[in-house]
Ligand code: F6P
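What follows is one chain in structure tokens, specifically the form predicted on its own.
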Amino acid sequence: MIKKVAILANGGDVSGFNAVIRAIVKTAENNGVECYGFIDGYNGLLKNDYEKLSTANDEPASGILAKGGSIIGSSTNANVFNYKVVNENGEIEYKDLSDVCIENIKKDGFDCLFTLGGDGTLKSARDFSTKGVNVIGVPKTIDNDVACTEITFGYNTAVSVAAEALDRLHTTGETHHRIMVLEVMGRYAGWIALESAIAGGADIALIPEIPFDINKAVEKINSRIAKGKRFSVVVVAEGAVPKGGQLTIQNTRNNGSGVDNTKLGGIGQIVAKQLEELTGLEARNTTLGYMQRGGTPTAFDRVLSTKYGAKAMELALQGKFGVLAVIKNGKLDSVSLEDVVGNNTKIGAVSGNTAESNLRKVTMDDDLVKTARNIGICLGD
């Protein structure tokens, strides 16, 4: 019997975190289950820092459906299986502190741990499951790159923000006869770039899955000029790579071992400069950045997040652990965390864009790719 559960939110913030938390708590309350939240993701689990969550009036989980961010915080640098520790002599050492977390869970009497996060978060969830913890994951990320599910919560809001930005850039580009470039997030997957390009009427979309030839983009722009359209709108994913080139990296962080420390960014400015030089039109780049992750979630994300949270609690009540709540064939379902991590099975292994990672990326037979090509969006190939 499930009597007491805990939630942690981990990784970059997204719109919809709180809607998931609310749904888990409300479903728990309707079934006589106590709900708690660890503060700041896996860091809170390690420190055993948590608070009770309730939807009663003026309680933490009340009135949070439309609120962005996470009421219980989040962490982007906490791989407790390979945790950065500074020794007394100042030397940095990486230790597996997962047993401390497991002891905290046992001591606190939690029957299940809900982990809300993306690739890295769910990798740790799988590792905890391997060590006997009752874990249920919920797929979060604006990048939409979690394996085994059709959509992650937070993604729709990010696309909507990017599409609105494109609407605004379109009018400026048309007025001043410029090439307007928008760099969007997504890391190693092009979902945000591709879908926002379609929604925002962009002429060119450069995504990580298709190494681009800048001359193909130039051809598209010149063909528009020949038709009397002296402006173009370009969407560039932060992980887009030119043919024969490399990722554009803004910097490399030191957030610990076993997490992706690469901070992407800057490809939009490079593309804008090249297009200006090759077409003769002025080009301007806008990097949307954290605007995509913050703020109130769309109605779609509120509903999706609520569905995910309710499903996760339902799985716990059914005693189905070591799984991820997913959308499969348009319906709520669950899959094993082992399937989610794929070949990335080593305890504490690095998550991210590695050969072992099981990231969900855009495939060339996806309807979005076909649609983009059908309506004449240049994908740089």
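Since the structure is predicted, the reported quantities are computational estimates derived from the model, not experimental observations. Note that residue numbering begins at 1 and tracks the sequence as displayed.
Form predicted in complex with the ligand: not shown, discussed below.
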Given that the partner is absent here, does I142 sit within 4.5 Å of the ligand in the predicted complex, heavy atoms only?
yes
Does at least one non-hydrogen atom of M185 fall within 4.5 angstroms of the ligand in the predicted complex?
yes
According to a 4.5 angstroms non-hydrogen atom cut-off, is R178 in contact with the ligand in the predicted complex?
no
The ligand contact at R302 in the predicted complex, heavy atom, 4.5 Å
no
Can you confirm whether T76, E238 and Y290, the three residues that make up this candidate site, all sit within 4.5 Å of the ligand in the predicted complex, judged by heavy atoms?
yes
Sort through K263, K84, H170, K307 and report the residue having a heavy atom within 4.5 Å of the ligand in the predicted complex.
K263
Within 4.5 angstroms, counting heavy atoms, which one of the listed stretches 240 to 248, 126 to 134, 208 to 216, 290 to 298 is next to the ligand in the predicted complex?
290 to 298
